[in-house]
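As structure tokens, one chain now follows by itself in the form predicted on its own.
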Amino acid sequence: MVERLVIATRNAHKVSEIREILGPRFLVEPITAVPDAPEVEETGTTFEENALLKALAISRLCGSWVAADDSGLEVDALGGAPGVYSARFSGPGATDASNRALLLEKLAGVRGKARSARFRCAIALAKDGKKSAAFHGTVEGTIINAEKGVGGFGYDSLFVPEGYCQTFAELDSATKHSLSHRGRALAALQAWSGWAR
């Protein structure tokens, strides 16, 4: 049975990546499939809190499953920043490019193991305004000194996953999906026993 799954985000890259990872078992639709879907303010202090805020709000407006992802980069030398502020790290009007530029600026002079970092992802699943489950994924790695690769989005061109020599932006999508924080969280979502309900 194909499950309809609305993704509570306006980030087209994220919807496309989720659709690619989940495959044909799910009919993945963007938030634009929900008429008058509001902008949900991310006021949580954790990735899961923010994901849940979005999933609950949008699931009240449609009769299908809603998944919301909140994810970001934690850099050890920056005390875990940008964290939940990853998408808006460089302030109002932040873009992926301005966020990456600020990250490199803040890490200027930081060397070796101090550049260790991880991507974290939390995915909240809701239906009819009620939480059904939450799934998590993490991948450890390092922030390099200059961007490499043209694939991916966000901080992908600066992040080299542990055990690899290429950034997420250089790796082919199948390899990236098998390693990534989002890929790991989505694998847990796919394996969830509640789909039979």
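All residue numbers are counted from 1 along the displayed sequence. On a predicted model such as this, the values are computed, not experimentally measured, just so you know.
The same protein also exists as the form predicted in complex with inosine 5'-triphosphate (ITT); that form is not shown, yet it is the one meant from here on.
Asker: Examine R25 and determine whether its closest non-hydrogen atom to inosine 5'-triphosphate (ITT) in the predicted bound form is within 4.5 angstroms.
Answerer: No, R25 is distant from the partner.
Asker: Give a yes/no on whether K14 approaches inosine 5'-triphosphate (ITT) to within 4.5 Å in the predicted bound form, heavy atoms considered.
Answerer: K14: yes, in contact with inosine 5'-triphosphate (ITT) in the predicted bound form.
Asker: Please determine whether E48 contacts inosine 5'-triphosphate (ITT) in the predicted bound form, using a 4.5 Å cut-off between heavy atoms.
Answerer: Residue-level check for E48: no, no contact with inosine 5'-triphosphate (ITT).
Asker: Given that inosine 5'-triphosphate (ITT) is not shown alongside this chain, does Y155 nevertheless sit within 4.5 Å of it in the predicted bound form, heavy atom to heavy atom?
Answerer: So Y155 counts as contacting inosine 5'-triphosphate (ITT).
Asker: Quick one: from A87, L102, A81, A114, grab the residue that has a heavy atom within 4.5 Å of inosine 5'-triphosphate (ITT) in the predicted bound form.
Answerer: Result of the distance check: A87.
Asker: Which one, E29, E170, E147, E42, lies within 4.5 Å of inosine 5'-triphosphate (ITT) in the predicted bound form by heavy atoms?
Answerer: Contact check passes for E42.
Asker: Looking in the predicted bound form, is inosine 5'-triphosphate (ITT) within 4.5 angstroms of a heavy atom from every one of F135, T175 and R184?
Answerer: Result no, not one residue of the spot touches inosine 5'-triphosphate (ITT).
Asker: So which bits of 39-74 sit within 4.5 Å of inosine 5'-triphosphate (ITT) in the predicted bound form, heavy atoms only?
Answerer: The stretch touches the partner through E42, K54, D69, D70, S71, G72.
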